[in-house]
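Just the one chain here, laid out as structure tokens, in the form predicted on its own.
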Amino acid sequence: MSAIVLLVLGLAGMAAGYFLYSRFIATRIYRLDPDFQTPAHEYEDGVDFVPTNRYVLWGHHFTSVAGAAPIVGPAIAVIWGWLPAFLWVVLGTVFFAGVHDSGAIWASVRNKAKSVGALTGDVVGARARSIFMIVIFLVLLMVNAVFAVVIAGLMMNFSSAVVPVWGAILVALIIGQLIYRRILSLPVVSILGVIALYALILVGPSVPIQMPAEVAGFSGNAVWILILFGYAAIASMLPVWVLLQPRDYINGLQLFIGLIVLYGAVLLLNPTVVAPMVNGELPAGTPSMLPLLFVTIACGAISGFHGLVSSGTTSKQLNKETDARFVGYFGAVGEGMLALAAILAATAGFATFADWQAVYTAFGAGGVNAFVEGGAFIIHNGLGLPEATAATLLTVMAALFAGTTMDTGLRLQRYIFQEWGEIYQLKWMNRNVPATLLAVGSCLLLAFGAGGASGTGGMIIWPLFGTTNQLLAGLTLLVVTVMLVRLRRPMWYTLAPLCFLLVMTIAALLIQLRTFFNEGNYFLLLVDIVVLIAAILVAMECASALKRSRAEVARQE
């Protein structure tokens, strides 16, 4: 099977989704209004509420939601074969993720840029809000703690990526000033930023920085984790235009250039997909494809974390309501393109089927390393770039995305603590510094309290990320669906994905429940039960809320 066929079919499907389906959703279902005053204008404060150019905002939104998950998930899921992963990434992006992400932005913008958690209380009810807040907190805790481990691991394993990863922050700070102060036009700033970023990538292999194996009793990996959380805490309190927006924007451009390089190498090399279409010889211990495929790929198709970003930071920066289509739906398409690249690298980036089998020896194998090594193989053989440079390029891409997700994730976690402060009338929690310290403290407690000196505690609950994340996506779609019912608009375009997600999530939780019990992993068993109860309550709340809303509409008629 030629990798070019997968590439062309995948890109064509996503392009059709954006140019055709997203237009229908935006104009006929959400009915985006260019004259509606967005919260970015109504509450403009220069810190969180900042009207933003839609291309810059797209960069922030896209790179915040992308992270490492759309790379890791698909690169693991191909163990079941390339066809199931490919179909879910393409169809999930078009009919699930784009509708979910743009819908979350629309719902938040129409309600004073409230986060989807706070919005649930207004639209669905206080009980649903309580469930939502717990699920949101769990997802953010997992994302922040685990992505810190991922970035630290990449910098420990690929020392050539350290200078580009941290140098990108300096580039972003300069770009932020040039854009905000309007010293240079956006196209000029974009070109200069990309040149600076890729210059750092070229320099990286020449100046590798290796963290010592142990520093003051902590492993080198743990030291990187502490540094990352210190940086993320500061970044999350800065005005969005200083670092968050420019870093995400330049990273978005960097990703598209990286994708062009990888896709171009595929077109020139025409590698063969050596992985099986459907794997009939799964390694021992591999779970069933259904429903685990849908929660393993997660961010590569649809992700509840996207709803947090859409309603947490993106809605506060939207210049025009009609920008929600480009920022939200096309942001989901960008992530789908990244997931497609991960599938190509993890299935066609090996010389033989035997080489592929040597990597995919167990469920969970592959992941980001398969993406980096497989992608570097394709780029090296297709474009002639040195393999070390190609590996650095892909490592920096993955690390920068995970880093921008951490920036945004910690800011969102601060918002959650501040919203809890408002709900329970704890005024001290409404302030930025205490809320940020609580956010960082909870992540470090998980990282080092559960993981010891290694700081890898987040990995303990990571097996439940996919199910918890998809449950969160279902809750977001519930809010959007109830709003559509109250506005007397077609609801099936959001209700059908909602029902599908709830069924797959509950089924996956039940399978994981049995696995954790058989393994004697009682901590994860307890967490699984909590999430399972939340999922069942969400399903009940969904039916109740829709019934109430339809009854209200009927009475008004």
Partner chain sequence: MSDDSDTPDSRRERLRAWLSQARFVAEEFYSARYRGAIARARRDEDDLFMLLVFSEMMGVPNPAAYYTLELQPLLLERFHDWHRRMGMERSPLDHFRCC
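Only the largest set of C-alpha atoms that superpose within 1.5 Å between the two forms is called the rigid core. Positions refer to the first chain, counted from 1. What you see is a predicted model, and the numbers here were worked out from it, not measured in a lab.
This protein has a second form, the form predicted together with the partner chain, left out of what is shown; the following refers to that one.
In the predicted complex, the partner chain sits within 4.5 Å of a heavy atom belonging to Q317. Although the partner is absent here, V50 sits close enough that one of its heavy atoms falls within 4.5 Å of the partner chain in the predicted complex. For the chain shown alone, D248 is a contact residue for the partner chain in the predicted complex, at least one non-hydrogen atom being within 4.5 angstroms.
Interface residue remark: V56 is counted as part of the site for the partner chain in the predicted complex, having a heavy atom within 4.5 Å. The partner is absent here, but in the predicted complex a heavy atom of P187, alone among P187, G280, G217, P212, sits within 4.5 Å of the partner chain. With the partner removed from view, the residue among F448, W166, W241, Y198 that has a non-hydrogen atom within 4.5 Å of the partner chain in the predicted complex turns out to be W241. Checking 94 to 102, 356 to 364, 174 to 182, 123 to 131 against the partner chain in the predicted complex, the stretch whose residues place heavy atoms within 4.5 Å of it is 174 to 182. Proximity to the partner chain in the predicted complex holds for all of G46, H60 and S64, with the criterion being a heavy atom within 4.5 Å.
Residues are counted as partner-facing when one of their heavy atoms sits within 4.5 Å of the partner chain in the predicted complex; in 131 to 158 not one qualifies. With the core held fixed, R414 shows a CA shift of 2 Å or greater between the shown form and the other one. Relative to the superposed core, W106 undergoes a Cα shift smaller than 2 Å between the shown form and the other one. In this overlay on the rigid core, P283 has a C-alpha that sits less than 2 Å away from its partner position between the shown form and the other one.
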